[in-house]
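Take a look at this single chain, the form predicted alone, given in structure tokens.
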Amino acid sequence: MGGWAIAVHGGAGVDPNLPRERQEEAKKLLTRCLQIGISALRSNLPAIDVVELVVRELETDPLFNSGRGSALTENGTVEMEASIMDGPKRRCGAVSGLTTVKNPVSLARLVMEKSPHSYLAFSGAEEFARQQGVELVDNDYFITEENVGMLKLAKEANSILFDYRIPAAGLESCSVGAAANSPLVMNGLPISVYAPETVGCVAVDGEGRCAAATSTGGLMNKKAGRIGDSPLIGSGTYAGDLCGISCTGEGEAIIRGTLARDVAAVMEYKGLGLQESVDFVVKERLDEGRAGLIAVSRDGEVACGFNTNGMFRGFATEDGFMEVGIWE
């Protein structure tokens, strides 16, 4: 074993014209989350505790698309989803359709540990949350002024692509007509606004135990009831004996490619290393989709891969390596 390692992401697909101050804001948040994870790993917390802790921090901060700051449905509400997986015994928990749970990733863990099931959704997940006594808030808590503006734009034009939420001050200057000339197609159909800033964390602790967690609000202007890849074990999240993976980007493409599980499968069946496996999966399993992922191995390695124009990401390892980046 090569010691502990951690990786975190805030979504794949970044506006190349993203203002510098927003880039720095994102980097500061990723750095803060890495420091939280590093401290926990140095304190010998199990990897499963570390990924939950870090993703909770990302859900609480409104910068990315999870928890507070989640993308809005076509009805102007928030429906969140999350999953978590513990590598040693491949235990997992997932939730979808959450509207009042402050930290979806923690409810996913409770599904894993306190229920006989792996996945709960909508009213059943909300009822389970009440039974478990988790912190609940009004749906308005998750809604930001920025996202209300984006939803308004989404409803004014049939096809707008946002790789990243633009500052509120820039909403009025956005050219709806120009964006409408370049529709984004998902599963063969045009969608209005694509907000891929899902968050995730993967970690391996000093005993070689891998874990992964992913959380998101989904697509801006998505249909109520839509479920993406983030809560789907093997697609958006996976952890086993060899590695832990969290994905982000075009959910429908990630689902089709069972992206997260494929990284582990390539390592297991083809005998490739972590980065080689990530590169293979991103190149061969996404078809025409756009996505990215982060990964750690039980040997203390970190890796990432994406075919978008950027991905918010950060890494740290026990030997002192630490990196936070957005672009290639």
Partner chain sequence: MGWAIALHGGAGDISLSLPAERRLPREAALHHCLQLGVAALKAQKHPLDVVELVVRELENHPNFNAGKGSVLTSRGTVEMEACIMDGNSKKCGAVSGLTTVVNAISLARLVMDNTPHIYLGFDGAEAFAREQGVETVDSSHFITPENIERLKQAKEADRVQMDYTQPIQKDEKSESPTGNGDSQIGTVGCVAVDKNGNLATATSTGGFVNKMVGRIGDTPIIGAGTYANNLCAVSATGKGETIIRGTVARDVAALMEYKGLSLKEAAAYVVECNPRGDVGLVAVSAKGEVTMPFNTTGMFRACATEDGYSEVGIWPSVQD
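Numbering follows the first chain given and starts at 1. As the structure is a computational prediction, the values presented were derived from the model and not from experiment.
One more form of this protein exists, namely the form predicted together with the partner chain; it is left out here, but the text below deals with it.
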Exercise. Do Asp262 and the partner chain come within 4.5 Å of each other in the predicted bound form, heavy atoms counted?
Worked result: yes
Exercise. Does any heavy atom of Leu232 come within 4.5 Å of a heavy atom of the partner chain in the predicted bound form?
Worked result: yes
Exercise. Just to confirm, Lys270 within 4.5 Å of the partner chain in the predicted bound form by heavy atoms?
Worked result: yes
Exercise. Would Lys27 sit within 4.5 Å of the partner chain in the predicted bound form, counting heavy atoms only?
Worked result: no
For this session: Name the stretch: of 146-154, 100-108, 83-91, 199-207, exactly one has residues whose heavy atoms fall within 4.5 Å of the partner chain in the predicted bound form.
Result: 83-91
Exercise. Honest question, do Leu53, Glu113 and Leu136 all end up within 4.5 Å of the partner chain in the predicted bound form by heavy atom distance?
Worked result: no
Problem set entry | in the predicted bound form, residues of 58-75 near the partner chain [heavy atom within 4.5 Å] | none
